[in-house]
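The chain below stands alone and is given in structure tokens; this is the form predicted on its own.
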């Protein structure tokens, strides 16, 4: 409000723009606010001379205005027209323009509206209000042209459609389907960022089904290709479209389990999507996920069925799994899987009861024997070294060794036998 007011006082047009307008009209609190103006970047900086500003894209007409402590920051962009997109992601050039022209360069009608917060007035040059009320994600103008400008918009179309529980307009859906193979123009990091947003949203199952249906899933995750079978919803005269999910037999369990996850981390949801896939590390590296994301996702997929029959595990096996830092996500994965399969929830209940009855110092006690102890006994680091540490740790967790002296004696006996 303050950014708009100050720009107006300086004699410029200033409006909220893009996603914050969409969310505001839907009665949601926007995650952030963007302001569009006819002021040039230099004029914006002058209008906020007493406030810190940051050039985040001055060549594209974008200045970040930093608010007072705790108030965040607002991106202020000059109304513009974009030139050609030779890289399929960014405009080669921009020219400053009017609100009407600026709206035409944006991706979807529901993201192409402006709002004057001081006069409480919506400026809609692209039919965004109509599509918002009827429940459609529709590209502005020619959908092929919009997707050609920025190939990431194909994934964004899927994400917005799913997160808003809207329908994907027929022509827009057709363009995405025809152009899906061109998604590889987009960097792996940007694709991964869209995946994170999709899979941590409560409508993640709809996003996966739609991505499969339009052919994007087989392009970004060919390892989990599953043919969809949904038809585009018919567009109507004001009635909200019905969300149609793909009903492929081998996709349905994944969708059900994804839907049943409660506010999952990205790694948990991604592991659920990759259930049954073997080359997890390769997939994570291809998407350039962080090392932490790779480690957690790979562990969850590897251990996905480890707690199917927890009462048949040794104490050591059970304690190792339930003392692991990713234990809670593993239990969430197992719970959703069992619910999706309409199976007995006994495995999860067993683990929860075991955790409740087992003090932390019993679940994960300090090791009785360390690597330094083995070195002191004359053993050199190597495969046998690690094997002995694992064996003595298992004996400790199984309750077979009660103290350090007994553990060292156990190790000495093992070394004598092996020698």
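Please read these numbers as outputs of a predicted model, since none were measured by experiment. Numbering follows the first chain given and starts at 1.
Separately, the form predicted in complex with adenosine-5'-triphosphate (ATP) exists; it is not shown, and the next lines address it.
J.: Under a 4.5 angstroms heavy atom criterion, identify the one residue in 124, 295, 150, 116 near adenosine-5'-triphosphate (ATP) in the predicted complex.
T.: Contact residue from the list: 150.
J.: Using a 4.5 Å heavy atom cut-off, which residue among 332, 254, 78, 111 comes into contact with adenosine-5'-triphosphate (ATP) in the predicted complex?
T.: Residue within 4.5 Å of the partner: 111.
J.: Of 31-39, 380-388, 47-55, 62-70, which is the one stretch near adenosine-5'-triphosphate (ATP) in the predicted complex, taking non-hydrogen atoms within 4.5 angstroms as near?
T.: That would be stretch 31-39.
J.: State yes or no: in the predicted complex, is some non-hydrogen atom of residue 107 no more than 4.5 angstroms from a non-hydrogen atom of adenosine-5'-triphosphate (ATP)?
T.: Within the cut-off, so yes.
J.: How about residue 159: is it within 4.5 Å of adenosine-5'-triphosphate (ATP) in the predicted complex, going by heavy atoms?
T.: It does: once adenosine-5'-triphosphate (ATP) is placed as it appears in the predicted complex, residue 159 has a heavy atom within 4.5 Å of it.
J.: Do residue 197 and adenosine-5'-triphosphate (ATP) come within 4.5 Å of each other in the predicted complex, heavy atoms counted?
T.: Output for residue 197 is yes: heavy atoms within 4.5 Å of adenosine-5'-triphosphate (ATP).
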